[in-house]
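Consider the single chain below, provided in structure tokens and representing the form predicted alone.
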Amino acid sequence: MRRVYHRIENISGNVINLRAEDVTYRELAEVTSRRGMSLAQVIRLKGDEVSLQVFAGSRGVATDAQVRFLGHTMRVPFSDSLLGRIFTGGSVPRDKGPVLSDNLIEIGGPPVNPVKRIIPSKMVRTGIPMIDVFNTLVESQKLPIFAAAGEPYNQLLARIALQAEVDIIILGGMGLKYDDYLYFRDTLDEQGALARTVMFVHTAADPVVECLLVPDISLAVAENFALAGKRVLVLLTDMTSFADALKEIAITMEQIPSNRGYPGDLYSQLASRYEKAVDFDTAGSISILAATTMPGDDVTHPVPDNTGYITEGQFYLRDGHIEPFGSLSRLKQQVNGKTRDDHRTIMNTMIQLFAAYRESLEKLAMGFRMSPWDEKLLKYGKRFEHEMMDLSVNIPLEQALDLGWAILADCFEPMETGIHSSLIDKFWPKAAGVETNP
């Protein structure tokens, strides 16, 4: 039986401080006051001085409240019954479904032993050409989606949740507006994808400590599904909200701030979550896509800046589409040579020509005379933007590659593309009037 403490030393914001023995970091406690019982989590230990973040806030908690430590960290139930369900950041049902209490697993464990990992070698198809063709997502990869406020990153994640060829989707929402939560719920439900999805959603109105729990709960559940042989894709939004929650608690704890007020261990906090991505040698896999908003569209902001050192590339979402320049999947070479013979050639050629199109656009804006080559590039660039970059385009990889050939054939002569003659002979559209629209 755990000891019950009856004296709180002081209360600072939603953090209570007391003296206790045999307590571990992140251990849960029950705080009972006149308003009832609330859960709290240990967030700092200094000798016998213990600081706890109260989930429901410290309002109504007096210094004579009872604190009983539970002897374990946060746990979440795990079973196939999770599929199709929606929970809060504290794993409480948000969908008015039954409470699950069987087979509890602890969250926040260490990353998988490298010995149990295999080299990533399988593609995750999304139906989005700017990902599948140009920056292929690979199983067990960890990639952020960098976006300024107002960009449709949640809509992009919803599209990926609907279309990704994986077994299970785990969606972790942090600091979501209620409208965004309803958008995810309704979209997945209407399109029939909710049955393979588990959602852990922290809204902006929920306790800040639950925001910190969302990635750990999502990844703990994902890991257990992966150990059961499932291909799991974890979608997290927004990691900047997670970092802001870290900052808020660090300020409450009067920690010495680092860059822009964030705690000095921001890199380690982010890395410990991203490093959960894994492809098991005898089981399934965990892949992570995490939206990261950039305040002021500033990529040097501490959150995207630290994230870039941890992850294996990034997607930049600008003006409503995935930007070809800057976006990068560092593992795409592991898989795009195994898809179709022309995949790498189409990827490289179309991006090179699109870069030339951007130069022609600058010349046009500055009033320079357009050459016949410039006119071809302008025609090509408009088609590329409309038929490949537009996020509403939804076609399989093979159809996207065929579309790439069709666009090239409509805008250029074969020799103007610089593509090897063997691929020209095999893939260049032969008949006039080839259908070029998806």
Partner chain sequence: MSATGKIQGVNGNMLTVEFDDAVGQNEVGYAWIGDVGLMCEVVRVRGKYVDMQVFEDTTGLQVGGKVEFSGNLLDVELGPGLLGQVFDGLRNPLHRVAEKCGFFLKRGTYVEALPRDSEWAFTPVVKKGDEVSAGIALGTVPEGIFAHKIMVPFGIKGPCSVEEIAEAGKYTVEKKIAQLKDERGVVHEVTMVQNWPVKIPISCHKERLKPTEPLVTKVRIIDTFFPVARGGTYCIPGPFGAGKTVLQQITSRHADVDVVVVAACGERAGEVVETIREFPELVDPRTGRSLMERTVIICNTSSMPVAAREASVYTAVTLAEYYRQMGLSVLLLADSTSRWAQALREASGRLEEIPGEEAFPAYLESVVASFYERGGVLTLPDGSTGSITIGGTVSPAGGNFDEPVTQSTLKVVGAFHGLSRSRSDARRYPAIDPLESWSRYPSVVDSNDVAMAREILKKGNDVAQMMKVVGEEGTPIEDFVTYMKAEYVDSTYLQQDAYDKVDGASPAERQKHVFGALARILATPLTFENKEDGRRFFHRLTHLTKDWNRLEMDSADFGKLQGEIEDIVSNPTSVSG
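Just so it is clear, the model here is predicted, and its values are computed rather than measured. Residue numbers count along the first chain shown, from 1.
We do not show the form predicted together with its partner chain, though everything after this point is about it.
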(request) Note which of L83, A148, I118, L100 lies within 4.5 Å of its partner chain in the model of the complex, where distance is taken over heavy atoms; exactly one does. (result) I118
(request) Quick one: from R318, R196, R330, K122, grab the residue that has a heavy atom within 4.5 Å of its partner chain in the model of the complex. (result) R330
(message) Is P152 part of the interface with its partner chain in the model of the complex - any heavy atom within 4.5 Å?
(response) no
(request) Give a yes/no on whether E223 approaches its partner chain to within 4.5 Å in the model of the complex, heavy atoms considered. (result) yes
(request) State yes or no: in the model of the complex, is some non-hydrogen atom of N10 no more than 4.5 angstroms from a non-hydrogen atom of its partner chain? (result) no
(request) Answer yes if any heavy atom of D179 is within 4.5 Å of a heavy atom of its partner chain in the model of the complex; otherwise answer no. (result) no
(request) Could you tell me which of 167-175, 238-246, 206-214, 360-368 sits within 4.5 Å of its partner chain in the model of the complex, going by non-hydrogen atoms? (result) 360-368
(request) Select from 3-34 the residues with a non-hydrogen atom within 4.5 Å of its partner chain in the model of the complex and write them out in sequence order. (result) D22, V23, T24, Y25, R26
